[in-house]
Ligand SMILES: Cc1cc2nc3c(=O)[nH]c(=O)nc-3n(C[C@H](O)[C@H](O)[C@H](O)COP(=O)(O)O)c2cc1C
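Next up: a single chain in structure tokens, the form predicted alone.
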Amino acid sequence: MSRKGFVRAVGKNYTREDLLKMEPVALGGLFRERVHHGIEVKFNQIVSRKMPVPENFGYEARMILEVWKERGFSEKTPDIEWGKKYIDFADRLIRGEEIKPEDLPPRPEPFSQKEMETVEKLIRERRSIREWEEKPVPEELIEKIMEAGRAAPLGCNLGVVRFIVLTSEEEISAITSDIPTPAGRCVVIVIGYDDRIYPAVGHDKIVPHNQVLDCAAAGDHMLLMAHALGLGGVWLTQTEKTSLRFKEKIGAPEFFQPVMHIAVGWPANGTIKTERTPLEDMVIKVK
């Protein structure tokens, strides 16, 4: 149950005055998290009558949204509009209105055979490419790749993943790679997280590793999109030491924490896809 007049986080409660002073990026993260845990997680159970509408349902998300508006921040971004939809559903449930199936997006349906062929082709044929033609990658394709990363799964909808795109020789030289990544042949996208958001909601105390997992999920989506676009990509990770060196060389903001990077370009040749361990050796059976 929400405590009236406060917004909860792990280990702390925020007053309205606290929210008015909070960094915008942290306030947005807190809004998404409170919509997720305060409304979304309970929503389907309430609609299917497996639980009653909780007291003060959605109160915290509403309070943050009110402060968001008061501070003059945009309500037109996708994440805020998403949250407002759930707040509207919460308001309707509080009023005793019935949420009908037609009020909700359609349920996922199995892909057609033709669609499944495309999915299988993408998953089975994607491979690491480490040599590229001397041919520029158009900006619109780089944006498509990052949009795929933006669509990846993320913990508690906190939205911490960030990208830095490196295209020039000077920029790319700031990153440490175990393969050559020459400018003109590839673009390097560094994937990291904004470390201002997790402390605001207290997730740095309970699931700090989720920030790294979010970056990995984004990287996977991005490499799949690169392959679908006819580009070749490779997944590369960094150590704490090389990450710090990169931040210093490139002048990245203090809050940006690099986790990994991908290099993408036009494949210079085909490669033999690495084969994986047999599935029967990967599945662990327990009693």
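Throughout, we count residues from 1 along the sequence that is shown. If you're wondering where the values come from, they're calculated on a predicted model, not measured in any experiment.
One more form of this protein exists, namely the form predicted in complex with this ligand; it is left out here, but the text below deals with it.
Contact check for 7, 53 and 95: none of the three has a heavy atom within 4.5 Å of this ligand in the predicted complex. At the 4.5 Å threshold, heavy atoms of residue 236 reach this ligand in the predicted complex. Contact annotation for residue 127: at least one heavy atom lies within 4.5 Å of this ligand in the predicted complex. Of the heavy atoms in residue 179, some are within 4.5 Å of this ligand in the predicted complex. When this ligand is considered in the predicted complex, residue 274 lines it closely, a heavy atom lying within 4.5 Å.
Figure note: of the listed segments 188-196, 171-179, 72-80, 100-108, the one touching this ligand in the predicted complex, with heavy atoms no more than 4.5 Å away, is 171-179.
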